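Only one chain is shown below, in structure tokens, and it's the form predicted alone.
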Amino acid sequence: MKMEDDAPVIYGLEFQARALTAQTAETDAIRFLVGTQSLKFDNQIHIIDFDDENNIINKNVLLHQAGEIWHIGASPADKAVLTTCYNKTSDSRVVSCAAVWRMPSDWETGSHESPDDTAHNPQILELLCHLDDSAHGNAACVLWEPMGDGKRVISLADNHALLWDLQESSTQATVSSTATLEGKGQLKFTSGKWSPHHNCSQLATANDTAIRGWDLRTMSQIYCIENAHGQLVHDCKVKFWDVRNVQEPVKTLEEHSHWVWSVRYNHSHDQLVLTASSDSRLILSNMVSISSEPVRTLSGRRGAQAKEPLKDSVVSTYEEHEDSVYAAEWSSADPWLFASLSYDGRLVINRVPRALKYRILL
């Protein structure tokens, strides 16, 4: 018997986790990668395949022995290649590193059916190259060029943004240009996002309470929103900005009761926005007023009544998590499906409600 279509599917990892990404280069299978944060045991990358027909999850586990994973990214061009930012102890202090890895070529042959076998003989990621530059401090995240050929990544390390060129099947990385955060005190980037617009020539970064935009061709700052948020962009609010006028946000959402850790636009329908918070909730909003899709007031079907234009609204609040939800990601293969990850290692896969899906499509 097929499960109810909108029911969530839950998968539990045995370790804590906060790193999640969709496997970007995979457009057929619905696949996510999760990185764990264990201080005692070898850390792992769980390859999560969602079987849409039967509403079940299949998984494979790869060992990431380098350390606890804080950020994970998937190559847009090669589904076997990924990056991690991880902590390791060096001379009794914790250092944050970044590296490019390749999955073993036969990872898919790891049997879905007998997890005991893979537990005794787990496969190990192959290190392709380090993205560390000792001169540039601790890595916070690595960002692949959106829709790129898998040859360019940006790493944010302390107060530096480094643009790397990956050569020779990603086994070598060279820094092609850098941008530095100037100012008083110990300035540090906390996160960033490579814009898919403007021919992928722009980067947005967060540091302290400020959001900055950078032109990657000149590595110069193009805008700065000084006090975008209170306390480290963690003030329970989600703000939408028009970077052509950064005096005021064009929209503010105040639906979460604790810090918001992850905000993700849907890749195909950008009015759909996921927000994940340490209030243990995931919220799906429909932000029609600032969508790039034209508002259609007339129904396309003859004789049908004109539809009311949709208004900005919270579509659904998902409460399957019991711990802080640190990450949410849309599937690369199915625009109506998304995953969320809470710190206790619970991964939940949900779908956009069908009524809204058809309303957007029809």
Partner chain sequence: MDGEADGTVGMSEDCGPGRRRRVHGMLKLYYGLNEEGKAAEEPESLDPCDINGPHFDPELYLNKLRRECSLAELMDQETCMVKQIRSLDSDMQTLVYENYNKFISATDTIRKMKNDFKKMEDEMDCLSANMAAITEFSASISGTLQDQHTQITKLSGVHTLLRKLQFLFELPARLNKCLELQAYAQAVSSHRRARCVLQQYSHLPSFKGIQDDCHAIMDKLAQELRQKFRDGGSSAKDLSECVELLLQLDEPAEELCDKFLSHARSRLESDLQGLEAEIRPYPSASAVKDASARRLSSTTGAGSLTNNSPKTNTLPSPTSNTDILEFIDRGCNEFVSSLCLVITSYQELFINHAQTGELASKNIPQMANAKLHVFVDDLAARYFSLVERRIQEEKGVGDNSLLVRALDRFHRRLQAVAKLLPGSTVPNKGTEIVIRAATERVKQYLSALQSFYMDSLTDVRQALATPRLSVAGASVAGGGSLLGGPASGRDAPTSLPELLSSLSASILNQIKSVLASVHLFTAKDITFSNKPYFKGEFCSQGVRESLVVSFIKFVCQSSRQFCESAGDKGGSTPPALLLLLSRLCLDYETSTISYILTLTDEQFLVQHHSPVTPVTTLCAEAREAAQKLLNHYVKVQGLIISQMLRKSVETRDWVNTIEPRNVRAVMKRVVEDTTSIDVQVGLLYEEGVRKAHSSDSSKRTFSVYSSSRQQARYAASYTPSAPMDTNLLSNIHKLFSERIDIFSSVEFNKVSVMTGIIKISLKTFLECVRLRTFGRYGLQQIQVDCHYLQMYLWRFVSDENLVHFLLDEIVGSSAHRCLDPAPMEQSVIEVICERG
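Only a predicted model underlies this, so the values are computations on that prediction, with no experimental measurement involved. Positions refer to the first chain, counted from 1.
The same protein has a further form, the form predicted together with its partner chain, not shown here; the description that follows concerns it.
- Contact check for residue 319: a non-hydrogen atom falls within 4.5 Å of its partner chain in the predicted bound form.
- Interface membership of residue 145, defined by any non-hydrogen atom within 4.5 Å of its partner chain in the predicted bound form, is ruled out.
- For the chain shown alone, residue 343 is a contact residue for its partner chain in the predicted bound form, at least one non-hydrogen atom being within 4.5 angstroms.
- Contact annotation: residue 26 falls outside 4.5 Å of its partner chain in the predicted bound form, judged by heavy atom distances.
- The stretch in contact with its partner chain in the predicted bound form, judged by heavy atoms within 4.5 Å, is 86-94, chosen from 86-94, 214-222, 284-292, 161-169.
- Within 4.5 Å of its partner chain in the predicted bound form, a heavy atom is found for all three of 37, 40 and 326.
- Residue 259 is the only one of 265, 259, 107, 240 with a heavy atom lying within 4.5 Å of its partner chain in the predicted bound form.
- Contact annotation for 198-220: a single residue, 208, has a non-hydrogen atom within 4.5 angstroms of its partner chain in the predicted bound form.
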